[in-house]
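Given next, in structure tokens, is a single chain: the form predicted on its own.
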Amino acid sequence: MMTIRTLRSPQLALGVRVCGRCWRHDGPRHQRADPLGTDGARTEAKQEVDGAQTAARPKGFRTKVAEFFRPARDTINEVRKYANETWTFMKRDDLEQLMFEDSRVLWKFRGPEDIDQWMVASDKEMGGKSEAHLTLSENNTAFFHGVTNLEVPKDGVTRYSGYAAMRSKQQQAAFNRRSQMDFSPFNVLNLRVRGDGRSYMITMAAEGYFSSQWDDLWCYFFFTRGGPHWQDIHIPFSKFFLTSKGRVQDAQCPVPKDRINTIGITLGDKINGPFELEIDFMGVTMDLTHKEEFAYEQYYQGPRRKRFTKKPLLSTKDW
């Protein structure tokens, strides 16, 4: 039977015992002992009532003012970040160092903050059974490990399976703009790895001007010999070949080193089983002995269209 006290207190309507003096239920001092015991349903109902009361509680003046000025504060922070980026670019304190710099370390995996700059992927995202993980090893290096499984998911669409990849996250500038890496002063990519004898592939994605270029990747392979010894790998930028959606393109072009978005490592050697790759660092260098500009042929795409294809109606020869 509903009473006036029950209507005044929704806690009593839900069966929650509250203090009769102050009508509170949020503190142990004000709660009565329930002789019948408090079951899970009554506890959940009490939590729902608490959440509803908290949501219905009017916000204070300071909270309203903080919420009102939060967009302006975020905008001011982005403007400061953009001003610092512009000032750093105009100041060019590192111009002399950039001109005579022969090497630069991009990633030196020494802590969790370095691992957080990368992401992993595998065919598990589309129904496959491969797994990939990127953790920090006991030697304070990046440990890329997992299992590749060539079993194709039975969805009627996927034809190939068995790959794992790790890729660096896109760098962000002020106002959520994408920031690119500039490797113009360098011509060689360096890695120090310790693998399991399987072959891997280095991939680089560049900023494209058109949507048809968003799937373009420049790739090259490197091979690990296994064992406990470290292996230094040097890959010239001239060796990278252009692919799009996993297919090598006939029209090849060099890597646009001035607008690199991400760098990744992919495993897809069509082998079932576990894999382990330990990475110490990744960097770029300038090798003055390497003179090659591009290692692949650039095929002639056919006759170019002339500007004027028709003979003018009148010429000096007809006079």
Partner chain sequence: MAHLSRIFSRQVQLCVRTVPGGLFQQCRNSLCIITYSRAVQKGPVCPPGSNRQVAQLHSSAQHLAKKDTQERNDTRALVLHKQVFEDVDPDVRTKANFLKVLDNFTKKDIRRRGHVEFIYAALAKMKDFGVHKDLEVYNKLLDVFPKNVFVPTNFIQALYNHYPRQQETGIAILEQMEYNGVMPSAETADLIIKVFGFRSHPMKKFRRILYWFPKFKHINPFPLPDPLPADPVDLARLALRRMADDRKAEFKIYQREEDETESNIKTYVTSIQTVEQQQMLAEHPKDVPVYVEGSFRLWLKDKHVYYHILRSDLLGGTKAQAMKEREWVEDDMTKNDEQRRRWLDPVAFVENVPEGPVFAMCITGSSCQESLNTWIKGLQEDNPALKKIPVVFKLSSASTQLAAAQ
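Just so it is clear, the model here is predicted, and its values are computed rather than measured. Residue numbers count along the first chain shown, from 1.
Just so it is clear, the following notes concern the form predicted together with the partner chain, a form of the same protein that is not shown.
Peer 1: So, Tyr160, Gln252 and Asn272: all three within 4.5 Å of the partner chain in the model of the complex by heavy atoms, or not?
Peer 2: So, yes: the whole triplet contacts the partner chain.
Peer 1: Among 163-171, 234-242, 207-215, 115-123, which stretch has residues whose heavy atoms lie within 4.5 Å of the partner chain in the model of the complex?
Peer 2: Contact criterion met by 234-242 only.
Peer 1: Would you kindly say which of Lys81, His133, Lys129, Arg198 lies with a heavy atom within 4.5 Å of the partner chain in the model of the complex?
Peer 2: After the contact test, the surviving option is Arg198.
Peer 1: Heavy atom within 4.5 Å of the partner chain in the model of the complex: which of Asn77, Asn176, Asn139, Thr86?
Peer 2: In short, Asn139.
Peer 1: Is Ser103 close enough to the partner chain in the model of the complex to count, meaning some heavy atom within 4.5 Å?
Peer 2: Residue-level check for Ser103: yes, a contact with the partner chain.
Peer 1: Applying a 4.5 Å heavy atom distance criterion, does Asn149 contact the partner chain in the model of the complex?
Peer 2: Asn149: no contact with the partner chain in the model of the complex.
Peer 1: Just to confirm, Arg247 within 4.5 Å of the partner chain in the model of the complex by heavy atoms?
Peer 2: Looking in the model of the complex, residue contacts with the partner chain include Arg247, since a heavy atom lies within 4.5 Å.
Peer 1: Residue-level question: is Pro256 within 4.5 Å of the partner chain in the model of the complex, judged on heavy atoms?
Peer 2: Residue-level check for Pro256: no, no contact with the partner chain.
Peer 1: Given a 4.5 Å distance limit between heavy atoms, list every residue of 219-255 close to the partner chain in the model of the complex, or none if there are none.
Peer 2: Sequence-ordered list: Tyr220, Phe221, Phe223, Thr224, Arg225, Gly226, Gly227, Pro228, His229, Trp230, Gln231, Asp232, His234, Phe241, Arg247, Val248, Gln249, Asp250, Gln252.
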